[in-house]
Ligand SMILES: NC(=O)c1ccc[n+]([C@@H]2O[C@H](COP(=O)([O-])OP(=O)(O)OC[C@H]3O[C@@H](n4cnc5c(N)ncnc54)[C@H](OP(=O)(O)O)[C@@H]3O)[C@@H](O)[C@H]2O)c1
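For reference, the chain that follows is the form predicted alone, supplied as structure tokens.
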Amino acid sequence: MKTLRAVNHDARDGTECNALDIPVIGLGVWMMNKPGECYDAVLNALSIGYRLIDTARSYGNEAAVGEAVRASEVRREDIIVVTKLRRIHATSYESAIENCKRSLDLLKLDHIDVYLVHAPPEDPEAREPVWRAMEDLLAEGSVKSIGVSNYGINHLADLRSYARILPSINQVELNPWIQRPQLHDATRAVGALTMAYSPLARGQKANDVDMALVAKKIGCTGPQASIKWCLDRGAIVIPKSSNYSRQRENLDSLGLDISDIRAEIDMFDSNYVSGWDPTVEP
């Protein structure tokens, strides 16, 4: 599978501190909380070629993700596991360290591949010490790459003022209905990749009639066209699905050429926020 290189850079001179090759498409497991649902979804995804799994403490399924990763026949070193520091835990240096260790305990893995601050800490005074903890977790090897999630342009600019190491990832809602070109550019400007969650707007656009009509022109589904649009923007995409056939359908988006319909998809941008949006907070 195609990968993108996620790099943490030294904030002083831009030199590369560490790098991780991340598959361009992965499985998101938000709201997979029914008995066995997350475990089965991850195990199946790994069996058909997924190598990136995105979870979070707030999802309540880190233990199931870790169990499936350990049970899989895929080598651990070939799997990228992403999890996140919950916002209510992003209050201090000590809390960030403690809750990373707790995530490792739940996952029962010896390291986290990508660890993200799930949203800008609500207390602006906590943002620097929380990020310092992220840097120290990276230095000690508990995590292999550090980044952020739901950071807006102003949050990224602020991060530059105190970071020793810049983030490798900014995970935000990105799809044809909320295209965010300025935020995408700001993310790249700090040397990070955009990781697009909710490529179908939390499923709210999965059956969008207009997208289906456009996608039909090249013989694919609306969801596939939406996912490929994100991929073509240079983003890593993490669609959620516990349905085996849908997982395959999403994976098959990689092989699409949407150049003939891209201009039409670009017209769907309407700043449609499907859930929370901390990127606009102070």
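Sequential numbering from 1, following the sequence displayed. On a predicted model such as this, the values are computed, not experimentally measured, just so you know.
Here the subject shifts to the form predicted in complex with the ligand, a form of this protein not shown in this document.
- Judged against the ligand in the predicted bound form with a 4.5 angstroms heavy atom cut-off, the residues K84, N150 and Y197 are in contact without exception.
- This chain is displayed alone, yet in the predicted bound form one of A206, A186, I79, L104 has a heavy atom within 4.5 Å of the ligand; that residue is A206.
- Of the residues given (R127, R180, R202, K144), R202 alone sits with a heavy atom within 4.5 Å of the ligand in the predicted bound form.
- None of 242-250, 228-236, 66-74, 212-220 except one has non-hydrogen atoms within 4.5 angstroms of the ligand in the predicted bound form; the exception is 242-250.
- Looking at H89, you'd find every heavy atom of it more than 4.5 angstroms from the ligand in the predicted bound form.
- The ligand is not drawn, but in the predicted bound form it has no heavy atom within 4.5 Å of R132.
- At least one heavy atom of D54 is located within 4.5 Å of the ligand in the predicted bound form.
- Put simply, Y39 is far from the ligand in the predicted bound form: not one heavy atom of it is within 4.5 Å.
- If you take 5-29 and check each residue for a heavy atom within 4.5 Å of the ligand in the predicted bound form, you get G28, V29, in sequence order.
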